[in-house]
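Take a look at this single chain, the form predicted on its own, given in structure tokens.
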Amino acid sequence: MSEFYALVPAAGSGSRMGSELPKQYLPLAGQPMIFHALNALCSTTDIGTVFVVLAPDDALFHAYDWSRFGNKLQPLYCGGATRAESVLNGLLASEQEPDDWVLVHDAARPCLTQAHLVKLIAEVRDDEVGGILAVPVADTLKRADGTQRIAQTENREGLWQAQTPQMFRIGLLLQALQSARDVTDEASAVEALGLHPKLVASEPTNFKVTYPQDLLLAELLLSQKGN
């Protein structure tokens, strides 16, 4: 039987948030932002261990109380300069079996739910390639020219917006990331091998906090979840 693990790359600075504090540690609903993603992953019984990949010089992680997660949460101080490098380093450091599954999740997606995780695992666990949470593109898409004017309208048919977690066999993902080091998500690396990951329908609430105003929406959603 294959085991399930989670890996959260959290070695970045989140410069677009305009804060000196790394984005993953910004306060959100009474906790650092990363807490909410880790809580969802650690609360999932199918997942055996949750690895969080930190920058080698991270001095903030142990300033917070993670005791509620026990040994299920394991920090790895091997983050790289890019997301792909952090994930690759984390996979190598975790030393798990190639046939086991890993769910890679963004630290800045705090509104992940148990329902999202249960659905992803159920729909992908028997897949030959793996898959990701995603939502169909609903808005009309415009391509800009060099002067910030509309050059053309893009056809959104068949387009999906990628989310996380992205779930793949550890051996396959290692192979993919060692071959494609400039990707922005794990699925792109797997696609570069000529494979076609599965799209698992998610919800817009599982969004990535990127700009300061996103914190307000995340706070609202988490408060509703708590109620």
Ligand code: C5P
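So that there is no doubt, residue numbering starts at 1 and follows the sequence shown. The structure displayed is predicted, hence computed values, not measured ones.
FYI, the form predicted together with cytidine-5'-monophosphate (C5P) isn't displayed, but the following is about it.
Enquirer: Indicate whether Arg83 is a 4.5 Å heavy atom neighbour of cytidine-5'-monophosphate (C5P) in the model of the complex.
Expert: Although cytidine-5'-monophosphate (C5P) is absent here, Arg83 would touch it in the model of the complex, with heavy atoms inside 4.5 Å.
Enquirer: Would you check, heavy atoms only and a 4.5 Å threshold, whether Ala107 touches cytidine-5'-monophosphate (C5P) in the model of the complex?
Expert: Result yes; Ala107 sits at the interface with cytidine-5'-monophosphate (C5P) in the model of the complex.
Enquirer: Just to confirm the contact call: exactly one of 74-82, 151-159, 118-126, 92-100 touches cytidine-5'-monophosphate (C5P) in the model of the complex at a 4.5 Å heavy atom cutoff, so which is it?
Expert: Correct option: 74-82.
Enquirer: Do any residues of 192-224 have a non-hydrogen atom within 4.5 angstroms of cytidine-5'-monophosphate (C5P) in the model of the complex? If so, which ones, in sequence order?
Expert: The one in contact is Lys208.
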